[in-house]
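For this one, two forms of the same chain are given in structure tokens, first as structure 1 and then as structure 2.
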Structure 1
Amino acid sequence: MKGLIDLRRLGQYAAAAAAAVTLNFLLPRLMPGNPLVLIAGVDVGLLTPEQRAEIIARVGLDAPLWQQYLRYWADIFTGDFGYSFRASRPIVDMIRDRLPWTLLITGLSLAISAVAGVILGAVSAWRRGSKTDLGMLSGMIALEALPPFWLGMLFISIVSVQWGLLPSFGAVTPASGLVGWEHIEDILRHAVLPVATLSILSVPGVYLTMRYSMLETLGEDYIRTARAKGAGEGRVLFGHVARNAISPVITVLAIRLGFAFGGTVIIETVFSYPGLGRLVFEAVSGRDYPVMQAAFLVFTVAVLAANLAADLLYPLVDPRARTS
């Protein structure tokens, strides 16, 4: 039965992935107008008839739709996302160059927000109704309402411009010639402000989920039993309550990890950070539709992979999920 459930769940993810790929394939082709505009941009009118025919043949637009669809799947499995005529580069190379920077800031911000949100949410729920709880709750709700671009610009204005402590743009210092640990330090200094912005904006969601889950767990019978056996407050809080209340937090973290790839568009644009979000902004500004299509596919895969990872982690965190 367990194997059947696992296969059914994997089938659901496979169906969702197939639907996302199909939509990603169909949307550009169903849009009105000349399909060459979506491939070569608005300058397609400057191309000669021979150049137009060459582009149509290269991308397979001269074939029937079902053949284009099969070729699209084949290209995905081989890692061929097409060619950017505006950047004059294969799209897979552009994504390969940008993806590590996005993974760096999203990974660090997710780890920081997870630890901070879980601890603060646990403490707030443990002291529910107190001034500490109300103050933390009000502060988190206020942080949740902050616009990302405003917070990023505030950091640049104060930390970079007024105090001069950290760089305000880019991932590395241009033409610095740094190597070794100095190069790593330079990368981390450039990542501080984007990571801080993403972390501050992500903590409230984790905190609120952990707090409400903790409040439900505090009323369980086994918590009263643990206290009756003489367990200390710290052991009850982190050994019993927090451990059993953390499952919903995993869902929130998985969702945030998946959508962080798309959510970094604003942050990476504000800090001119050369990640995948910045690439999407440049593609939208330059109407580079093939790059946009490939980036959206990467975002979709990231969301599905993050949710699948959460499903795999549930039984490890909560043994009850193994028999549910």
Structure 2
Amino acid sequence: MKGLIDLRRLGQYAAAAAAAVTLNFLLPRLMPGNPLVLIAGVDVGLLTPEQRAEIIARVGLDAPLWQQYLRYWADIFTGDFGYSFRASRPIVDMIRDRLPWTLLITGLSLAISAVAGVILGAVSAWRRGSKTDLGMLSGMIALEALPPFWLGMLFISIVSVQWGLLPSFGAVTPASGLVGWEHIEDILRHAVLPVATLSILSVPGVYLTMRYSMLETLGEDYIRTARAKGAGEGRVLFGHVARNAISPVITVLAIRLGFAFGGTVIIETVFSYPGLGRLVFEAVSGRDYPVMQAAFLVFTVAVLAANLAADLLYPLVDPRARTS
């Protein structure tokens, strides 16, 4: 009997988290250049010598490397991500402001691409070899080659500027004073284009997994049995094939989330959307290294959490996984 969760998988997630933290710790200390700048951001150049000495003491830059490493871990466990001298704010506050927006657009786009990918993949596999199938397959391969930022820029040029339909930047209309339902509508209108871009980018991954999984399932004996006993096409497709083929999609969705987060760095930059991804871009262009590192850690934790959730969900959706 297997436990609620596979211990080996848990160890794998712990290793990934440790790798991310260690990488964050080592990169600024091993790279050529002034480690203080690489740790605290380029704006430390504007500080007084006393302030700089204080940072060096706080991070422990004068201590041996292993002591610095332990201190780094201790800071992370106490939720201390450091201070952004560029923004003059604690980094935790910056992340708290930005994270909800990113969760909003990634959540919506993941849901949309899951539904679209599963339906299209099912239809495509059901009519494998047909013109519909080959057309969809080629379309998805083409979508995978689409540069994400370019798609976003085209959306802005055409939908926002030429047609004037939707806002082209930000998450809310600034200083609009909208409240209640109108405020929600404003947020949704701003989210349409970023969500559409992210969804279009995520659909091919879901589609290809669903299609492949369906093709595997179609060859199973119980499908032949269902057909032989005279079940209708619709019943075989939805009751037998799609139902059994859907479980790998859950794992893929967790992986897609990692890609979607990466995608937000680009999409939020194009749409000037005030999320965590845009924060990464701002930190990179402003050489505000600690902010960039903290955002990377948050992305890592979110992806690992999503994978954990997928592991827990999988046996609920697919009873076969419970017994093995």
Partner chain sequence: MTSKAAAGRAGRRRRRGRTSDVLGICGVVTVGLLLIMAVFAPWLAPYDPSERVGRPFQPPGREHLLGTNDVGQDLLSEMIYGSRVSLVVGIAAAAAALLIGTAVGVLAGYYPRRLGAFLMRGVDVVLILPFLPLLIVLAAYLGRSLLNTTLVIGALIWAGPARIIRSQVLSLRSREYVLAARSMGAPDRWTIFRHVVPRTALLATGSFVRAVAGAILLEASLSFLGLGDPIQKSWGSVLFWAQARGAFLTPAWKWWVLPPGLLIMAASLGFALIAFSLEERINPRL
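Residue numbering: sequential along structure 1, first residue numbered 1. Here, rigid core means the biggest group of C-alpha atoms that superpose within 1.5 Å across both forms. Bear in mind the structure is a predicted one, so any value in this text is a computation, not a measurement.
Source of structure 1: the form predicted on its own.
Taking 2 Å as the criterion, residue 301 does not count as shifted between the two structures: its C-alpha moves by less than this amount when the rigid core is aligned. Its Cα shifted by 3.0 Å between the two structures, residue 18 is reported here after superposition on the rigid core.
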